[in-house]
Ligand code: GDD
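Heads up, the chain below is alone and in the form predicted on its own; it's given as structure tokens.
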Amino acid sequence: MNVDAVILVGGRGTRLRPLTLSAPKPMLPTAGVPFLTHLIGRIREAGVGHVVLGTSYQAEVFESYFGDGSRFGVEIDYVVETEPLGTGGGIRNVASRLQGERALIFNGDVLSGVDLRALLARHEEARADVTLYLTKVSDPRAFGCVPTDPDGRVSAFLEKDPDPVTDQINAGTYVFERAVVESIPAGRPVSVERETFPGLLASGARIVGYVDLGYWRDLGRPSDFVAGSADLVRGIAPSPALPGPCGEALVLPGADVAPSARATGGSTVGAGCVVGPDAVLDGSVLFDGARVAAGATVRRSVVGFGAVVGEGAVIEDAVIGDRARIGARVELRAGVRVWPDVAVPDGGIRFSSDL
């Protein structure tokens, strides 16, 4: 197949802090493996064998884990972005590493079930210069909308609007002809939404949409990250890269879960974790080495590497940073984020957004 895959993974993941202080967002454990592993697996299944990672923040982490890609059934090249270039600039920055005549391009923080072979087929059949994967959302006001004509040709790119003309949004996956990639200005920031796509439309380029109504989620916020991981574990979101038997929970080798503990809702228990008697995990993610003491409850939350949740504590819709220590009978709710190495003393209810 004469197609490269390009994955843009240069963002700093600020919305997911403090988790992204220790690793870039695409490398956070998601259903037991770095999120990028799921995406690369789907790319390989689609018959694309060459992947270019456009990196920036903690760039060395990607190459250290994925190497040349052979362990994952693909060939991987790396291009480091030394200054922020935007999505369009990031795409242009990898042009020299492309091997084929078109590129399948991904934002590195989107989990989807789009049929990649069908997306590529749509591009080829339409003889398009660019094809966009579009999805429909119930409330498109928070997104850029992409209307299409009856033939599926894109007619406009509209910024966030209180009264959207369509429920179709840009879902963060594209097919570009190589000539289009090379036409993007080099060496400066370029917004693909505000500059590249409108410019292509104005020039008469053929831009088409491929609407897919399957699974789609942007993992940029903690609540979406947790939900996306749970959906992978439960089989709602597709992946060929799950590291073990799944269902209500995924328990990685080396974890110790007490027989009376309950793990449900697509929870992940990382390697070396300890979950005490009568503890409850519901739709949550425990990174490697985390400990949840007896009788504690963790719902829709992330517990970072080596963090400890004390006996009888209640953690709901919260983010616990690496090595943080949550005392006994503490209640953390409503979007609380506890930063790495912070100790929260026993007792009390905390609603502060930042501890």
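Because the structure is predicted, anything quoted here is derived from the model rather than measured. Heads up: residue numbers just count along the shown sequence, starting at 1. Whichever C-alpha set is largest while still superposing within 1.5 Å between the two forms counts as the rigid core.
Below, we refer to the form predicted together with the ligand, which is not included among the displayed structures.
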| query | finding |
| --- | --- |
| Partner-contacting position among 172, 209, 283, 222 - heavy atom within 4.5 Å of the ligand in the model of the complex | 172 |
| Contact residue in the model of the complex, from 182, 125, 101, 159 (heavy atom within 4.5 Å of the ligand) | 159 |
| Residue 198: touches the ligand in the model of the complex, heavy atom cutoff 4.5 angstroms | no |
| Residue 193: touches the ligand in the model of the complex, heavy atom cutoff 4.5 angstroms | yes |
| The ligand contact in the model of the complex: residue 11, any heavy atom under 4.5 Å | yes |
| Contact flag, residue 333 vs the ligand in the model of the complex, heavy atom cut 4.5 Å | no |
| Location of the ligand contact in the model of the complex, chosen stretch of 252 to 260, 104 to 112, 225 to 233, 275 to 283 [non-hydrogen atom, 4.5 Å] | 104 to 112 |
| Output flag, 304, 310 and 337 jointly within 4.5 Å of the ligand in the model of the complex, heavy atom basis | no |
| Partner contacts for 66 to 84, taking the ligand in the model of the complex and a 4.5 Å heavy atom cut-off | 81, 84 |
| Rigid core fit then residue 188 CA moved by 2 Å or more between this form and the one not shown | no |
| Exceeds or equals 2 Å, Cα of residue 242 between this form and the one not shown, core fit | no |
| Core superposition between this form and the one not shown, C-alpha change of residue 161 at least 2 Å | yes |
